[in-house]
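Quick setup: one chain, the form predicted alone, written in structure tokens, and binding and motion questions come after.
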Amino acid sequence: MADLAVDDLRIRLGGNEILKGVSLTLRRGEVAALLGPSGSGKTTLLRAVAGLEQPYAGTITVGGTTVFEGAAGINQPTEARGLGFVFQSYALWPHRTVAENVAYSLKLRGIAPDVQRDTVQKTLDSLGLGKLGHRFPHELSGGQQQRVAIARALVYGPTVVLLDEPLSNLDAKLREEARAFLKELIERENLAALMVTHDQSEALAIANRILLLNGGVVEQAGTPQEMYNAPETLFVAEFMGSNNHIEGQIMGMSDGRASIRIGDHLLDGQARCAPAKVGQAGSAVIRLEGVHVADGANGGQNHVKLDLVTSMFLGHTWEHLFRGPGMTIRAHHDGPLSSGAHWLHLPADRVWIF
């Protein structure tokens, strides 16, 4: 049985359809990431699960209990849903100590003071905050504040935790450390976590499953590997990863393959999502890491000769920008390149044609 189940959820705000029938299931030990552009409905979905937004149709079930059902008029309040919630801003009370912030939900539930103290201390210890209970939020680093917010969400033992951009307030270096900590924590505590993020790298690193929302519907759902390596639509292909998008004319299609003419070049690739008919305009997409800088002269299939425009050192790799008639290509390479023209290989199994 799923610890969280959402079925055909629909929300209308100000006359606009924000969610148009979204469904998902989540079990303990899993992280599902809601990914998508601003306005796609991911935060609205999270807030609806929490009871902070009012759907007009669909169902939400938490731990086998229906907390919302539009047709039956069921809509349990937030505090009755048994969920943990980590807000984007952390929402810590500045006038309360760390221990008091974490204990607040236990206090509301009428837990005895001595049990509160023991439970809070165990929770803080498990998150590396055991010696900080007496401090106030302004005396903590950003990473410590984030852990206090997580401690407050976990202290009363919810099976489902909702995370609203939990790492967005951290600097880049700390975010890398925090996402590893967060994934390990969810697995260790055997939680079911639903996370909203704008950061695809964060979603790929932490989530077991990604739901990519677009205009209030799930464009595609799958494992991080499926979302990255097997996009079903042009929107998914472009949203995930760093890409080259090249417009051209479809020249042929057969057995899941397609060819597209771009200027003087003819590229072969994988036909995705029933691409345009032969003779019509189409799009080719290839990830930056899929482009190979060829050694020496080569005019074979899926090789193009373009001028090097500029280069950027990224630390772990170089990114080069190439341009020619009707085509601009970015590529990763393990070193700097000389000025002038270079042959690039766009392998057919790395080119998606839509």
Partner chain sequence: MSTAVAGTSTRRIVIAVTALFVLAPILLITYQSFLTAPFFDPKAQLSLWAYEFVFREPDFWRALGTTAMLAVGMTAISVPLGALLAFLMTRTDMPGRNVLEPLLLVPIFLSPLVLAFGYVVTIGPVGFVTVWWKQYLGNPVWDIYSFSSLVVIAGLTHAPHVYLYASSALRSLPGDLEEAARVTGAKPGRVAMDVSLPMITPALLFSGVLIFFLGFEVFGLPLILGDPQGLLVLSTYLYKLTNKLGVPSYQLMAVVVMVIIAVALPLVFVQRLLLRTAQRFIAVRGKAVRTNLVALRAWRWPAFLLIAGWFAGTVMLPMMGLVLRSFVSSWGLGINLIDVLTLDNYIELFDDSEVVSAIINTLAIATIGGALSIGCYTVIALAQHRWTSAWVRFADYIVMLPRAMPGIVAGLAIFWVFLFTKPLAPLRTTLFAVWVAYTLVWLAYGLRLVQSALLQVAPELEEAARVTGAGLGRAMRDVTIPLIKHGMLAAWLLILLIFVREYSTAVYLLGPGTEVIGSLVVSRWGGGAIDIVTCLSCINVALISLGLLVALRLGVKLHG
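Model, not experiment: these values are computed from the prediction. Positions refer to the first chain, counted from 1.
If you look for the form predicted in complex with the partner chain, you will not find it shown, but the lines that follow are about it.
In summary, the region of this chain contacting the partner chain in the model of the complex, judged by heavy atoms within 4.5 Å and restricted to 173-181, 278-286, 87-95, 186-194, corresponds to 87-95. By the 4.5 Å heavy atom rule, the three marked residues I246, R261 and D264 all fail to count as contacting the partner chain in the model of the complex. Between the partner chain and the residues S242, S201, T78, T223, the one pair within 4.5 Å by heavy atoms in the model of the complex involves T78. Residue-level contacts in the model of the complex: of R27, H292, R47, K305, one residue has a heavy atom within 4.5 Å of the partner chain, and it is R47. At the 4.5 Å threshold, heavy atoms of R109 reach the partner chain in the model of the complex. A residue is said to contact a partner when one of its heavy atoms sits within 4.5 Å of a partner heavy atom; Y104 meets this definition for the partner chain in the model of the complex. L124 falls outside the set of residues with a heavy atom inside 4.5 Å of the partner chain in the model of the complex. For M312, no non-hydrogen atom is located within 4.5 Å of the partner chain in the model of the complex, even though that partner is not displayed.
Contacts of stretch 140-156 with the partner chain in the model of the complex, defined by any heavy atom lying within 4.5 Å, are made by R152, Y156, listed in sequence order.
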